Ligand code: SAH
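Taking the form predicted alone, here's one chain by itself in structure tokens.
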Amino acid sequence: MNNQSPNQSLNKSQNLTPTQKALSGLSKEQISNVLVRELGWEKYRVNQIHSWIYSKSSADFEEWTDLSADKRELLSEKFQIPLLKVVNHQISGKDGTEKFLFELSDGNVVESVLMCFEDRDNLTACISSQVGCAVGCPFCATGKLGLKRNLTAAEIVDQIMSIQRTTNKRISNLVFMGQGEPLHNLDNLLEAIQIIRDSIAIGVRHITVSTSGLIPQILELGKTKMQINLAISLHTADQDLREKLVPIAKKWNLFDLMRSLNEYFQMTGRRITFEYTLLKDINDTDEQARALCDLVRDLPFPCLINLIPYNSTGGEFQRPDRSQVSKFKSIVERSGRKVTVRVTLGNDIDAACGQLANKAIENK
């Protein structure tokens, strides 16, 4: 069952007019530029407005009672809070996962997901970094869309704030595993993470960035020494097969990728996660499991292997049987590394890993 959010109708008026600017998604410095430099307001107003936007997740200027009525009226004329418009909000009838379709100011759309887990109280948001994706993994729905453009830092940040405003829930963890290749948009990603850390107060150790393996950008990210969690979309330990499953592997091979990950670890000291989508009779065989076991056994850095049973996106691929997933896990565990199987959430609303394809736009 797919449930529409009761807040969906409240978001239909969130399109910016040509004379309005969005305040959500901006850093405190950027808010200061707007208020102090453009409007000539007192500097202490920056902290007031920053708090209303980020700490209180307020989108209604009338709630900002520490501002005078004339100031609130001026803000409503020149600005509005959301940068993004929620055009569809679905809730899984199976596990409560929530999927959001956001419309950008240029008419493009992206999707984000809010996940809750039975064994923990905190909430995790899966955030997009691009409109579409250029990597083109054949088992991923987003990859079939192609790349349209990068998201700005503000558009990345406002996904989080829009989810919090719509649900009235506080997000504590982020995974950049939505639409797009985050490291193809590294500059905006880093700016967004700084705003997320400083304004939304989500620590970088609670943020995971996933990449298909862009070596120069991995090293550039490492040089920042940010204590984020890095996840690599590996999907096979066989170079020839990986070139088919992750086309970017034709440029960045497995040997060089592992070497760069060791350099990344030396710079950050952070454990690396390998994501492995299991595709029936393609990369889930015993031979593939042994190859993965051999690859990770002697790596000179700590790692976690996260197995992801395939979520249907149409086409030739199928999900492996549970027994084969269990057997594959058992073989890889012989490496001495920790191996987990990702819990599938939201697949009844096409919100699970690999399924984000903006389908709900048809119902907009």
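Throughout, we count residues from 1 along the sequence that is shown. This one's a predicted model, so the numbers in the text were calculated from it and none came from an experiment.
The discussion below concerns the form predicted in complex with this ligand, not included here.
A.B. asks: Any chance all of Ser27, Asp158 and Asp198 sit within 4.5 Å of this ligand in the predicted bound form, going by non-hydrogen atoms?
C.D. replies: Result no, not one residue of the spot touches this ligand.
A.B. asks: Considering only heavy atoms, tell me if Glu111 and this ligand come within 4.5 Å of each other in the predicted bound form.
C.D. replies: No, Glu111 sits far enough from this ligand in the predicted bound form that none of its heavy atoms falls within 4.5 Å.
A.B. asks: Is the gap between Pro320 and this ligand in the predicted bound form 4.5 Å or less for some heavy atom pair?
C.D. replies: No.
A.B. asks: Given that the partner is absent here, does Ser335 sit within 4.5 Å of this ligand in the predicted bound form, heavy atoms only?
C.D. replies: No, Ser335 sits far enough from this ligand in the predicted bound form that none of its heavy atoms falls within 4.5 Å.
A.B. asks: In the predicted bound form, is there a heavy atom of this ligand that lies within 4.5 Å of any heavy atom of Phe61, even though the partner is absent here?
C.D. replies: Looking in the predicted bound form, residue contacts with this ligand do not include Phe61, since no heavy atom lies within 4.5 Å.
A.B. asks: Specify the contacting stretch among 72-80, 221-229, 282-290, 179-187, defined as having any heavy atom within 4.5 Å of this ligand in the predicted bound form.
C.D. replies: So the stretch in question is 179-187.
A.B. asks: Please pick, from Ile308, Val46, Leu295, Ile331, the one residue with any non-hydrogen atom lying within 4.5 angstroms of this ligand in the predicted bound form.
C.D. replies: Residue within 4.5 Å of the partner: Ile308.
A.B. asks: For the stretch 127-142, which residues lie within 4.5 Å of this ligand in the predicted bound form by non-hydrogen atom distance?
C.D. replies: Residues within 4.5 Å: Phe139, Cys140.
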